[in-house]
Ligand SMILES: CC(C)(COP(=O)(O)OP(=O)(O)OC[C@H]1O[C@@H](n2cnc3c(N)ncnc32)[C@H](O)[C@@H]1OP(=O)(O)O)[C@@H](O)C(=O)NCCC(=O)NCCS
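Take a look at this single chain in structure tokens; it is the form predicted on its own.
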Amino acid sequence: MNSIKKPVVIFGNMASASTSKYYLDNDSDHAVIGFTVDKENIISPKHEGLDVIPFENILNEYPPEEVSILFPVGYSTHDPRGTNVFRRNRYECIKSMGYEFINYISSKAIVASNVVIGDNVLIYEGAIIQPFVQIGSNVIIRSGSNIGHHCNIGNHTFIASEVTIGGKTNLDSEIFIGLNSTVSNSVNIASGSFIAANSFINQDTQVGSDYRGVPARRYE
């Protein structure tokens, strides 16, 4: 079996791209060789000392047989739900072009051996993922979060730092959970749910709805 890893191109040229390069450089065996971003969002031809190429040209510059991709775009404080939709669309576009995604799982995270993980998943330091958890693709789990046993984390979901999710909880797709929030056991978080920072969820949510407070209430 060939164990040689393809070099990595990171999508982005902002803080999330910088931190992802740092983690890959210092806590993985992946080599980052460049960045890509939509042409209209290029602010400099270099980022962290490496070339930034227009995403529109990626097939010519970095064909899928030569590189892997990490797509670490997190969220926008102005529109976190919209960012998850963007993350889904761009992930699906890159996938359809034939690229493979890598995962980054911090050496300082605790991940049970039977956890099932998709691709383009980032799990940061101090996160705890208990046994029998299933994590979809294009998921970010930030530092210090605790995912209880038998949870399902759906695709294109962003879990901020220090979030606690009780056991047997189901998260559908494109969910945003803000800093320091808690989700109780055996709850279903519906697709497109937005949970504000410091909230406590103790009941099922509705599709595409906002929740905040302790206990959390639904906002239109």
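Small disclaimer: the values here were computed from a predicted structure and weren't measured. Position 1 is the first residue in the sequence shown; the rest follow in order.
Here the subject shifts to the form predicted together with the named molecule, a form of this protein not shown in this document.
Not one of Ile129, His149 and Gly167 comes within 4.5 Å of the named molecule in the predicted bound form, counting any heavy atom. Look at 26 to 34, 191 to 199, 42 to 50, 59 to 67: in the predicted bound form, residues with non-hydrogen atoms within 4.5 angstroms of the named molecule sit in 191 to 199. When the named molecule is considered in the predicted bound form, Gly178 lines it closely, a heavy atom lying within 4.5 Å. For the chain shown alone, Tyr104 is not a contact residue for the named molecule in the predicted bound form, no non-hydrogen atom being within 4.5 angstroms. A residue is said to contact a partner when one of its heavy atoms sits within 4.5 Å of a partner heavy atom; Tyr75 meets this definition for the named molecule in the predicted bound form.
The named molecule in the predicted bound form is not approached by Ile153, whose heavy atoms all lie more than 4.5 angstroms from it. Along 146 to 164, a non-hydrogen atom within 4.5 Å of the named molecule in the predicted bound form is carried by Phe158, Ala160, in order along the sequence.
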